[in-house]
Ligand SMILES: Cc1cc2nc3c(=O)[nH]c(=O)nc-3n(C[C@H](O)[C@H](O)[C@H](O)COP(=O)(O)OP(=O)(O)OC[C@H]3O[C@@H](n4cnc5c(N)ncnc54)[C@H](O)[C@@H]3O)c2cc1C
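Shown next as C-alpha cells: one chain only, the form predicted alone.
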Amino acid sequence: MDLQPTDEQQLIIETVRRYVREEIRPLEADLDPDAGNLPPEEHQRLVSKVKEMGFYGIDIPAEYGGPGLDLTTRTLMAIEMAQHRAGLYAPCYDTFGGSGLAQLYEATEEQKERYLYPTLRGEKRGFFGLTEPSGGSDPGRAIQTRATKDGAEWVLNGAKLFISGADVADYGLIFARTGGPGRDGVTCFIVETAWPGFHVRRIVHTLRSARYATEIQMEDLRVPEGNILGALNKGFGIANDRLSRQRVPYAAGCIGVAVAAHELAIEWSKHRETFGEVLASRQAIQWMLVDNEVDIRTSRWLTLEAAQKADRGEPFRTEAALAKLVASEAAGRVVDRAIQVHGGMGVTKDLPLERWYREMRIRRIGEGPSEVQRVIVARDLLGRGR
C-alpha cells in the first residue's frame, strides 16, 4: 500500500482544497449555519467552474461521460470536499454533481433512457428506498413491503423509512418482497413518485441539518413489469454489491470533517490564553491534539487501504467495513475534543463545530451501523462470507 499521492493526485488535492477555501467557505459566511443549499445563481456559477476543472459528475464512469476516477483519487477528493460547514452531508453543496443511482448502470437500455440518462443530464432526481420501519441493520430480511403480481403489473404495499431525497425525487428504487423470507425473495422496482399510491412526508426533526429524511407509504402502487431492475427475487444483490464501495468515500467524508475540526482546535489553542498562558502550553490540551492526530491518521490509512484494494480488483469488504467503522467513530471523537478545546465557543453557531457534532453522530448509523461493520469483519475473520 502506497500512502503517498501521485503527482497527479496531489495536484487534484490542491485544486479541490483551493476550491473549498476560495469558493465554498466564503459563501457560507452569508448562509444560515444549518443551510444545505446555495442560492441558485451561486450554485450554477460553481457548477460551471467545476465543469471547467473537469470534475463534474464526479462518480460517473468514463463510459457515461464522467471523469472516471479511481476510488483512491475519489477518496482523496472526498476528504478535501468535506472540509466546510455543510461538508458532511452536502459536500461542496453538490457542485461536483452526482452519479445518479449507481444501480441503474445495470439497467436495461430502455430503463437507462427513461431514468439514468435524464438523471446524468440533471433533468431527473432519484432516491434509494431500502430501509423499512421494521429494521435497517439487516434490510434483506427485515423487508416487509410486499409486491404482488397482477397481470402485466406488480402492486406494491408497504413503507420505507429514513429515505434521503424522496420528497424532491422523480423516481426511486424500491425493494419489495416478491418471494419467500430472506434476501433471495427481494426484487428491486423503479417507481415514479407521481404514480397513484405513492405518498411521502419529510421527517423534519433529526440531527442532520441538510438532506431531509423521509417516510414513504405505498398503497396499491401499480408498477409495470418492465420497471423491475435486474432479476426477479435478486434485488438485494443489486443493493448489496454497491454498499462496500460506497462506504469508502463515506468514511473519507468523516475524515475531512475531522481534519477541519482538528485544524480549528490547533489554531485556537495557539492564540487563546488562560491564566496568562496560551492553551497550547497545557499538557491536557496537547494530549487532546495528539489523540486527534492518531484518530485522523489511523482513519486515513484504513480508508486508503480499502480504496487501493478495490482499485486493484481485490476483495475489500473487510477493509471497507473497517474504514467506515473506524473513521465514523474516530471523527466523532475528534470533533468532540475540538469543541472541548474551544470551550463555550465550541457550541455556538459562530463555528461549524456544533453542526459537525450533531451530524457526525448519524455517521455511526448510516451506511450500516458500527455494530454491523463489526459483524462483517468478524464473519470474514472467522471464515464466513469469504
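What you are looking at is a predicted structure, and each value in this text was computed from that prediction instead of being measured. The first residue of the shown sequence is 1; numbering continues from there.
Quick note: we don't show the form predicted in complex with the named molecule, though the next part is all about it.
Would you point out which of 284-292, 90-98, 124-132, 299-307 contains residues with a non-hydrogen atom within 4.5 Å of the named molecule in the predicted bound form?
Looking at the partner contacts, the answer comes out as 124-132.
Looking at N157, N233, T108, T206 here, can you tell me which has any non-hydrogen atom within 4.5 angstroms of the named molecule in the predicted bound form?
Selected residue: T206.
Check V200 for me: does it contact the named molecule in the predicted bound form (non-hydrogen atoms, 4.5 angstroms)?
Judged by the heavy-atom cut-off of 4.5 Å, V200 is well away from the named molecule in the predicted bound form.
Classify E367 as contacting or not contacting the named molecule in the predicted bound form by the rule of any non-hydrogen atom within 4.5 angstroms, answering yes or no.
Yes, E367 lies within 4.5 Å of the named molecule in the predicted bound form.
Verify the contact flag for V377: yes if a non-hydrogen atom of it lies within 4.5 Å of a non-hydrogen atom of the named molecule in the predicted bound form, no if not.
V377: no contact with the named molecule in the predicted bound form.
Touches the named molecule in the predicted bound form: V372 (any heavy atom, 4.5 Å)
Residue-level check for V372: yes, a contact with the named molecule.
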